[in-house]
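Two separate entries follow, structure 1 and structure 2, each one form of the same protein chain as structure tokens.
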Structure 1
């Protein structure tokens, strides 16, 4: 699979005529990062945006004392770092790889012109940003209106549903990262997993979570509380 095919396969570029795909192929920068490397940091000036070819990237905010809140985790085919192209000019958060990751970097120069010429590209971009807004709104909802057990329940259900609702789901990320995504710390997550297991809601074995009582899980996700 060569560069052009890779680029044509990116959802963001779906429906783009071939000449434009070629144009993108000319400007793309192919980069590979090792696990745990920083791609950019909050406040860095942005000179373009990225698409994940393979691997995983976390977008996160961090506080002076080292705590992190993950905003998104992006996998193959997903774009990130577009916001500064349309507002600001500097990245609004940090990006690190979670594993070895291959990225396509598209320099800003010229890309904006391409959008202006290609309504399809603009629409795809609008769709991508809109979905992202939806996700962030859901995150705020969770952080602010649910307690940790509720957030965890919602997450498990979300993963299960995204995978056609099997009762056994595999966590794609480490528990430490999951804690950061849920806005808590590993200790708390660990305790809550233990409590949910002991209450017969699910079983946990490493990264494998088996849902036993989906109804109780759903209740919990609706801001219900875990009985003591």
Structure 2
């Protein structure tokens, strides 16, 4: 696909007429990052936002002692950095690539001008921001109100819902990264995975997770605690 076709295929720009897609093509900056490369750091000016063309990006916060908390991992077709970009402030977290990644960067000034011209683009952005708000609300709920088994169960269910084979989930990140995303440590995560396997909820083979009992998994996601 050429640049225009890539942009037209992004869910955020779904339904836009061809002239607006062409205008987006005129302002986009096509970027490629190596694995482990920083895209922006906490506190950097938010001069625009990004869309993942391919690859993966982690958004995370770091404590003064170097502890890392992953907030979200974005994949192909997903946008990030829109909220601080619209506020005209600074990025509130760090963004690094997890593998070689191609990104489209949309500068704030040019994009805001397009929104003023095209109501459909404004509606699409509102939808994206609403989904981001729900995601952040779920993250706060998981980290503050649920124990780690519940967070893990909710994550597995979420990933399975977007998969073509919902009972077999291929984890896109390492177990260390998953532990950080869930607010725990790898050793604790390994113990929980082993217990869930012994209780017949799911099995784990490398990065492949097979859901054995979806009802129990859903109950665990709701209660947050593994039965003793």
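None of these values were measured; they are calculated from a predicted model. Numbering follows the first chain given and starts at 1. Just so we're on the same page, rigid core means the largest C-alpha set that superposes within 1.5 Å between forms.
Q: Decide which single structure shows the form predicted alone, answering 1 or 2.
A: The chain shown second - structure 2 - is the form that fits the description.
Q: Would the C-alpha of residue 212 be classed as shifted by 2 Å or more between the two structures after rigid-core alignment?
A: True for residue 212: a C-alpha shift of 2 Å or more.
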